[in-house]
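Coming up is one lone chain in structure tokens, specifically the form predicted on its own.
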Amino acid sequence: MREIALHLLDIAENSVSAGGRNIRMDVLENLQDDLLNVSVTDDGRGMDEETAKRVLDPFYTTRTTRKVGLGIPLLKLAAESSGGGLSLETESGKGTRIEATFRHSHIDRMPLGDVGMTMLTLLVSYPHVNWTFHYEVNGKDGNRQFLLDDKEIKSALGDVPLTEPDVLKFLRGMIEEGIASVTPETVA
């Protein structure tokens, strides 16, 4: 994967597979400290201690459809290649949090990618999940953030599916405007 947003999509889909019903995705561009932090937190089944130790091994996976689990190891490598790192917090039966940190200006940092499209894809692909998306930029002009909690939107829509063309157009515009409002000085 060449973009951080695709890693976030992969991790969030793993959270759904792990039974997560409340999933939060955070993107924090701290331009003052030259850091980019991304994380996914879920309330899924979590991992036991043995699985948590092995999750960074690219030849280990709990999936039955393939024999390798490259997603998290590749994200860890990408983060470390740009002067950052990866942390994993998990507890069996309670959920998992994966956070990757990158040196924002590092020449080897992969591009952030289209985080808005990642958010929209997750929102419409897994409507049974309560999604929270948080995008924050801490720059020389101060802190700006965009927060989207889909509970209010789903409540207002009632039985109208998120894939309805007008709803999809509204969601896409809201996410794009929200991200654009906090990223004027960001370099992808």
Partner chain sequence: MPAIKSLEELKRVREEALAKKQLKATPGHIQVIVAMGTCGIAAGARDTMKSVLNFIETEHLSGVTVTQTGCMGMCEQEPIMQVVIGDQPKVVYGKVNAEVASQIMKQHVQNGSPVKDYVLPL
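Positions refer to the first chain, counted from 1. Bear in mind that the values here come from a model prediction, so they are computed numbers and not experimental data.
The same protein also has a form predicted together with its partner chain, omitted here; what follows describes it.
*Interface membership of L120, its partner chain in the model of the complex, 4.5 Å heavy atom rule*: Yes.
*Answer for L31 alone: is it within 4.5 Å of its partner chain in the model of the complex, judged on heavy atom distances?*
No, L31 sits far enough from its partner chain in the model of the complex that none of its heavy atoms falls within 4.5 Å.
*So, in the model of the complex, is G71 in contact with its partner chain at a 4.5 angstroms heavy atom limit?*
G71 belongs to the contact set for its partner chain.
*Using 4.5 Å between non-hydrogen atoms, is R172 touching its partner chain in the model of the complex?*
Yes, R172 lies within 4.5 Å of its partner chain in the model of the complex.
*Contacts with its partner chain in the model of the complex, stretch 13-48 (heavy atom within 4.5 Å)*: The stretch touches the partner through E13 alone.
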